[in-house]
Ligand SMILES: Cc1cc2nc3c(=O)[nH]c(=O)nc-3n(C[C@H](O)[C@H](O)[C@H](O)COP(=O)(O)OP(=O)(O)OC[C@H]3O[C@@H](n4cnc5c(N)ncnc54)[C@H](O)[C@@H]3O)c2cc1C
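Single chain ahead, written as structure tokens, the form predicted alone.
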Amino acid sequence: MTDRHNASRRRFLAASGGIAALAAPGLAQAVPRAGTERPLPPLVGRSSETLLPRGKARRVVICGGGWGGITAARYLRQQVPHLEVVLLERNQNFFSCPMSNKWLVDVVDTQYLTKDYLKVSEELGYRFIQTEILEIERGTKRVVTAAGALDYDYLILSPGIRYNYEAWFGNDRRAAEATRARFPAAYIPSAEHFHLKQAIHDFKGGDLVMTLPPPPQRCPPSPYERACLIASLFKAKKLNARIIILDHKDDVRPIGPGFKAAFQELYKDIVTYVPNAHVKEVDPFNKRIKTAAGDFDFDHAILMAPHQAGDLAWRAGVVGQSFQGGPDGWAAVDPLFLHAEDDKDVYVIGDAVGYVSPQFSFYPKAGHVANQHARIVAHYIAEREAEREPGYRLPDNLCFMMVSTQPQEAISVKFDYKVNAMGIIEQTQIDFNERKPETVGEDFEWARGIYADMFG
């Protein structure tokens, strides 16, 4: 028999063997049938499976690894070491929004703002799981994630904010997605920060429009800082550019005199401030915004939609009701003890916290406050675990805003809180409006201290 005939016979036998194998009873199950569920690798998991079985220790589950969540994890391990502490976060790395305006113009580098969640958790002794949270079932005290479900004894929600694009576009998902992709606000840690940084460094001139969300918003003074630092960059590059700030408010605040002095004295030919610019219509496709203060075309934009509590607050059913009967957009909490109004085992910390006082309405939605809330809630849980009734604690707040890079100068604002005789939380605000190089040093010292507090 020739080699050619041998080769043909081998191919035939191989094919025949394959057919026979498929027909063999023991091997038929290896081929998935239509409609059947295919097996997954164990570490992929399913939302219907148990992610972490119950152990002997009581468990705190922290949803969200921003400034509040990561601080809560550390302080719980320190103060209540017998508890199992689990931090759930969809991102692999921590990225800090505070200080990120300076990163946009290369005052600090990326490494300054980032941390590896898993490395930090191993160093500090809590459990970190990178996964998407799908549902929060308070009735059964269960969190459902893409990798499986886990039970909790205490739940800490640190959801941050979401962009309320519905206020601009209703259910027009295409317009909302185009706005976020092309003109990101960069107020939620994600790739949009990198997109914005590239855009402002590539900007060749023309009109850059910034819309400011109505209060309450994340870090109210930071959009003004961002405008100043981008103006400083444009000034150094000698661009023929204009930054138009469309502010929902009637004036610059907080630190109003300090920012307005910077606009006038440093960036008179670059920054145009427009108050009472309530947004009526946003067209991301034709680069046009209509407001109560006029209509504006732009070459590029930073479009900040109104803010609300992050998605997890909605999934957990803790968003409060407005006087009109609809959702007010923020988590309804006990003002002094920060647990959900209807659930003492669910705490909310950071930006998502809703109305707390008739004097000032909301705590500033700032990283400093999130860090303080986390420490306070860790104390409350420690006291409860020791079978003691906790006394209330209040946060403080401190914000530094760089307004110039050449030379580096900054302004700042401080907030203090107390409870008056009627049980109402009162706020004292102190603005430091004078631009000083020394304030920049204070800013970096504050950052060094608070990063150490979060990450050890």
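Residue numbers run from 1 along the displayed sequence. As the structure is a computational prediction, the values presented were derived from the model and not from experiment.
Just so it is clear, the following notes concern the form predicted in complex with the ligand, a form of the same protein that is not shown.
- Here the chain stands by itself, but in the model of the complex one stretch of 365 to 373, 173 to 181, 320 to 328, 255 to 263, 365 to 373, has heavy atoms within 4.5 Å of the ligand.
- Although the partner is absent here, P189 lies within 4.5 Å of the ligand in the model of the complex, judged by heavy atoms.
- Contact annotation for H339: none of its heavy atoms lies within 4.5 Å of the ligand in the model of the complex.
- When contacts are judged by a 4.5 Å heavy atom cut-off, R138 does not count as touching the ligand in the model of the complex.
- Using a 4.5 Å cutoff between non-hydrogen atoms, Y117 counts as a contact of the ligand in the model of the complex.
- Just one of N164, T131, S357, T272 comes within 4.5 Å of the ligand in the model of the complex, counting any heavy atom, and that one is T131.
- The contact with the ligand in the model of the complex, taken as any heavy atom within 4.5 Å, belongs to N91 out of T110, N240, Q78, N91.
- In sequence order, G64, G65, G66, W67, G68, G69 are the residues of 55 to 84 having a heavy atom within 4.5 Å of the ligand in the model of the complex; the partner itself is omitted from this view.
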